[in-house]
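Below sits a lone chain in structure tokens, taken as the form predicted on its own.
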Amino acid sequence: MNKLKPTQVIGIASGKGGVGKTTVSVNLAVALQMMGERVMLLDADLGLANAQIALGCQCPYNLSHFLSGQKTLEEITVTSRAGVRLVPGASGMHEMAALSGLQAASIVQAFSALDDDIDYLIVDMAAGISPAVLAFMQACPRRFIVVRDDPSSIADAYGTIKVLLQDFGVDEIYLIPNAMGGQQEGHQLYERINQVCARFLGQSIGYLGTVENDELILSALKKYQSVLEYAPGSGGSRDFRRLAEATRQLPPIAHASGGLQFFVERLVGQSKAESRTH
């Protein structure tokens, strides 16, 4: 494999909590892994980290051990049953929840030292738009926003999109309606939000696909599994496979918007290699 192949980095955010952002992050990671991609999941929800629960991973160490200098990124990383490599966040630690943008930047930079060939890095954000969340979102060339069809979720998703577009000038924002009554309902929700973005922010956002309401997704969570492992024939598994396929169809990003980037050396190496071939 060409060592210069850039890792596709995706930040998954929601604005408000409780809309299924971690569920989407975990199941999308597992779906991509099952399609033969090499996937790493960074649980960047540093106050209430729960990706490890959803993946059924035992994590002796987490990002708090990395930030304190006790462990390297490799030493805290664990591999789930499904093969996804997880960088665990810290749960129930107040000082981790109040991470500064500078500390977030040190985590981003640490990924450059990883030698692993990773096709996708998925970054599961904390809810809201704290300095750390915004630093992580800028460092991800692609951003997925999870939204439910309720007024507060829609308002918070729009608020997040507005900050990303207007304050940071980033692009590559895609919407994922979650827990919807059907694919058509999800697309209609996207259309509504996108019209508001186009009208008031002067920019459109992308649509990746809809996750329909499926009680087996919650049942899987209670068994510490992704729905793709727990009920591969379920509607939820079908939706996450569709999302993964839509993600794979997105064109690679060589020149990202935003500031500091994950795996920046791989992006630089890629553009150097491209300039030599032209």
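Residue positions are given as counts along the sequence shown, with the first one as 1. Note that the coordinates shown come from a computational prediction; the quantities given were computed from them, not determined experimentally.
FYI, the form predicted in complex with a small molecule isn't displayed, but the following is about it.
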May I ask you to check whether residue 44 falls inside a 4.5 Å heavy atom distance of the small molecule in the predicted bound form?
no
Heavy atoms within 4.5 Å of the small molecule in the predicted bound form: does residue 70 have any?
no
Is residue 179 part of the interface with the small molecule in the predicted bound form - any heavy atom within 4.5 Å?
yes
In the predicted bound form, does residue 211 have a heavy atom within 4.5 Å of the small molecule?
yes
Sole residue of 250, 35, 218, 53 within 4.5 Å of the small molecule in the predicted bound form, by heavy atom:
218
If contact means a heavy atom within 4.5 Å, which one of 196-204, 114-122, 171-179, 155-163 is the stretch that engages the small molecule in the predicted bound form?
171-179
